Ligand code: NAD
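Taking the form predicted on its own, here's one chain by itself in structure tokens.
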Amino acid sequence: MTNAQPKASHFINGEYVEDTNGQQINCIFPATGETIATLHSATPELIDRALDAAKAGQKTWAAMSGTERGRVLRRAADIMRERNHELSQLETLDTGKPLQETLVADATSAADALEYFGGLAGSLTGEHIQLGDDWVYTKREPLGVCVGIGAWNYPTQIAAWKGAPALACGNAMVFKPSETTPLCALKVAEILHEAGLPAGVYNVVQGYGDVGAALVSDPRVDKVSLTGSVPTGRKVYAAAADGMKHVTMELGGKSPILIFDDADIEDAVGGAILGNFYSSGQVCSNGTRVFVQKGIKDAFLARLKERLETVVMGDPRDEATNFGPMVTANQMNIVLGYLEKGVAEGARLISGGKRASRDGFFIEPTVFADVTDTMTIAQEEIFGPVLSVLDFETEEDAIARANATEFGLSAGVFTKDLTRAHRVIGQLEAGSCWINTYNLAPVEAPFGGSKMSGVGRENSKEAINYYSQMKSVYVGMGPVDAPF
């Protein structure tokens, strides 16, 4: 247990708040199955309090200059980096991801977002447009109260990826973490307020889908940002549309990685590992359909199998461990169902394929070869450590098959031919792409999908457009010319 445990279930109006009348939420450590914390879902009264606090706090926050707001965000980034070790331990308890991973990918990524948007906050200006003697000026204004709904795989990062641009623009936020990983967002809120954020500007309320639905449909809310699955995204988008709210949807994928004959085998295998087994495969942008050109297929599979033998599965709190459990028993069972389907539909099992014989919700890293486009494992998002290898012969064939999906989050290409790399990536229907690497998501670059994988972008200057609106003001400098 870490002493960094949050003090209560919710963080509202600058302080921790508890109400045990709410439905119980058990936070389970996935490596052992033990309950590490018991929280309570937000009651309607608490949701009301959080939204009222956000509405009031937003006015105070928006009245500050962008530079002043940026200072608070950058101070929070510094505090987060100072406490990286204890925040990483909490993330590991919350998600089951190995400490070796959380130390470099979670609170650090959240701090990067706070620092980056803190740096941008003072630069958010409008423009002047001269029209003869008349002129127009534009002002970038906050939207108001934003609701963030988090996924369970990156609880610290998502709380900051949504919070940082929202706050930089002068909005307030009410964030609902996933009920599966409820702890980390509370620490983000605590640190922001410690750094000088006015009360009410960043609130965290826990709950199941009913709490999310109450937040999304509330008239006090101006913007909804969700990270989650496509079915959840459809529901949330529809509810937000009813109130004409702004939305960002970061949803799932079934992303392709295309590996050509001339690719560096070591790099291609490394990319496929990052795109399938990092976070035990629980990453939305994962490249789970690995298209390998026939000339390199046997060498690729042999080297992949060798490197998977170096997996260290174990207690994620031990820094030597590099492969952790599924987040819940339910998620583990979903993935086991896909493994059965893969075998039943004729895919060839190269490695893994079953639950690991240890406590907790562990599944062996699994590789299927000879996968065809129509197999279930090649069509549906599994969200677990399952890599499917599909063969291809020509570039045109690979592109057409890679695009034959309703999803469009990510795509990757491995080749030494840079002309081909840019040509192919230019034709792949996906929002976040990589050439000769995979799954890197720096805050400076936009992140988001096309097709059913979502709308809007997170990170980079692009995110500012999704957390602000432009007001244009026409200034007449002469007499008004009216027809009568």
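One-based numbering along the sequence shown. These numbers come from a predicted model, not from an experiment.
Note that the form predicted together with the named molecule isn't included here; everything after this is about it.
Judged by the 2.4 Å clash test against backbone and C-beta atoms, the pocket of this chain is open once the named molecule is superposed from its pose in the model of the complex, as not a single ligand atom violates the cut-off. Scanning 156, 276, 227, 203 against the named molecule in the model of the complex with a 4.5 Å heavy atom cut-off leaves one residue, 227. 176 is the sole member of 97, 289, 176, 187 with a non-hydrogen atom within 4.5 Å of the named molecule in the model of the complex. Screening 246-254, 107-115, 82-90, 126-134 for residues having heavy atoms within 4.5 Å of the named molecule in the model of the complex returns a single hit, 246-254. Using a 4.5 Å cut-off to the named molecule in the model of the complex, not one of 301, 337 and 389 places a heavy atom inside that distance.
The named molecule in the model of the complex is not approached by residue 265, whose heavy atoms all lie more than 4.5 angstroms from it. Interface residue remark: residue 212 is counted as part of the site for the named molecule in the model of the complex, having a heavy atom within 4.5 Å. The closest non-hydrogen atom of residue 447 lies within 4.5 Å of the named molecule in the model of the complex. Contact annotation: residue 381 falls within 4.5 Å of the named molecule in the model of the complex, judged by heavy atom distances.
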